[in-house]
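As structure tokens, one chain now follows by itself in the form predicted on its own.
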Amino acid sequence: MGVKAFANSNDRTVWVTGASSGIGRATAIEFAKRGAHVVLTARSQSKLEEVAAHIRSLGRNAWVLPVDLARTTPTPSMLAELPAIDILIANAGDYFPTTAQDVSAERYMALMQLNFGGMLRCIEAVLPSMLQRRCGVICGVASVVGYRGVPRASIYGASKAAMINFLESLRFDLEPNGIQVTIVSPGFVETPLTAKNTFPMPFMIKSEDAARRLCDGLLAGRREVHFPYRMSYLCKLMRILPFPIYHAISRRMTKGDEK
């Protein structure tokens, strides 16, 4: 059995993690505009309630499920009062710039626990039901910096590379069971996370634009969604460039960084 993409998200239940701000918040609202009901997860219940109120004002249902995904796996009891999840958007994550002088195994592993581990915990929670129903969508929001190492993104890039590799491998098992796996790799998107950067960020787009592109690609059944194209195709090209050229381009990308 192959994967049959959802024609639309009308009356589907979509679970968005990292939904209190940035791409997650914009994606939750975009799905609601397209007729979906939305489960919202992040650590801040108050921020989630604001997003939920917005979604309800659009005439769709919204449920708030505050969880620290770096530490906690959502249990069946947490999900018991919710409809079956049709689409998982594993978006929760954090970012901080890194240098060799700042290496901290404890801090780095904490970020890996959220960015990569948080996705794993959500997949573990929804996969039994999807396998039983032989349908569903698992979407991981990675990043173009997961394609190859770039300056000042060592642990963030590593966490996103882990997401990409894991989902590519998982897809071989899930597609024959009717479950779509979509990897989303944004470039620079205007969010509280990119506000931490001190270097120029080319081709930056708004989070609402990112959400529209994510939803369009996912509902079209695409295995990979990446944007904006000028940035994402450059990063794809860097995977096959000879090392000296890749190294020079990567250095240039962060020229002007204050550190």
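All of these numbers come straight from a predicted model, not from anything done at the bench. The first residue of the shown sequence is 1; numbering continues from there.
The following text describes the form predicted in complex with a small molecule, which does not appear among the structures shown.
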Next item on the list: Can you work out whether the small molecule is within 4.5 angstroms of a heavy atom in all three of A19, A70 and N91 in the predicted bound form?
Entry: yes
Notebook entry, point to check: Even though the small molecule is not shown here, does I55 get within 4.5 Å of it in the predicted bound form, heavy atoms only?
Noted result: no
Next item on the list: Verify the contact flag for R223: yes if a non-hydrogen atom of it lies within 4.5 Å of a non-hydrogen atom of the small molecule in the predicted bound form, no if not.
Entry: no
Next item on the list: Find out whether any non-hydrogen atom of I23 is located within 4.5 angstroms of the small molecule in the predicted bound form, and reply yes or no.
Entry: yes
Next item on the list: Answer yes if any heavy atom of F188 is within 4.5 Å of a heavy atom of the small molecule in the predicted bound form; otherwise answer no.
Entry: yes
Check: L114, A158, C135, I164: which sits within 4.5 Å of the small molecule in the predicted bound form by any heavy atom?
Finding: L114
Check: If you check A42, A62, A36, L218 against the small molecule in the predicted bound form, which one has a heavy atom within 4.5 Å?
Finding: A42
